[in-house]
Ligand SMILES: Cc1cc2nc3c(=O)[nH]c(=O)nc-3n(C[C@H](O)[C@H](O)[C@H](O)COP(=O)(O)O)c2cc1C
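Starting off, we have a lone chain in the form predicted on its own, written out as C-alpha cells.
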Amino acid sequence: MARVLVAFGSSEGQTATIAERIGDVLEAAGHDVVVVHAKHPPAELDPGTYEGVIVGASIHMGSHQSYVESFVDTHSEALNRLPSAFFSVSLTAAHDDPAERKPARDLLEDFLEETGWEPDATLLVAGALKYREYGLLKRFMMRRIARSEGGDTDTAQDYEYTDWDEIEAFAEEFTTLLPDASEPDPR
C-alpha cells in the first residue's frame, strides 16, 4: 500500500469529480489516498511525504488554474522525484479528431514546460458543459462557442463528455508506478 496525493484545481466541479474518481480507484487498489483542492491545501501538506502524486487542472480561457501552476512550481522537486501524473480537463479534449484536440495538448505541454515538471504520465480529459449551473452570461457564451464547434446547445440540460473508463484505466496504470508495499521506503 502506497500513500498517494491527488491534488486538483476545479472551476465548475468536473475536475473535482474526476479527482475523486481517481482517488476511489486508487483506494480500491489498496492505496492510502488523500484528495485535496490545490487552491486551499492544508498548511502542513507536503507532497514529498507521499509515494506518488497525481495533479489535475482544467483549462478555462486558454490556461490552467494559476493556483495549480503555483502548487506545481512550489513542489516541483518532489513531483519530479516521485511517481507522478498530470491530467488536464477541457471541452477541447472531447473532439475525436487529434488535430482538434491539439490546442488542449499544447496547453498541457506549455504547463509542464513552464513549471519544469516531468510527470510519468499525462492525460487529456474531456470535461462537461454544465449549462444549468452557469449564470446567464456564461450560459450564453458557452452556447455560442458550442454552436460554433458543432456541439450541444440545449441549455436546459448539462452534457458530460468525460470517459470514465479512460479515467479508471489512467488511475489503474498509475498504480503500476507506485512502490510495492514490501519494498523499503527510500527516504
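When you see a residue number, it is the position in the sequence shown, counting from 1. For clarity, every value in this text was computed on a predicted model and none was experimentally measured.
Below: the form predicted in complex with the ligand, not depicted.
Thr122 falls outside the set of residues with a heavy atom inside 4.5 Å of the ligand in the predicted complex. When the ligand is considered in the predicted complex, Gly127 lines it closely, a heavy atom lying within 4.5 Å. Residue contact with the ligand in the predicted complex: Ile59 places a heavy atom within 4.5 Å of it. Ala28 falls outside the set of residues with a heavy atom inside 4.5 Å of the ligand in the predicted complex. Only one segment in the set 141-149, 114-122, 46-54, 28-36 has residues whose heavy atoms sit within 4.5 Å of the ligand in the predicted complex; it is 141-149.
Taken together, the three residues Ser11, Gln65 and Tyr134 all lie with some non-hydrogen atom within 4.5 angstroms of the ligand in the predicted complex. With contact defined as any non-hydrogen atom lying within 4.5 angstroms of the ligand in the predicted complex, the contacting residues in 77-110 are Val89, Ser90, Leu91, Thr92, given in sequence order.
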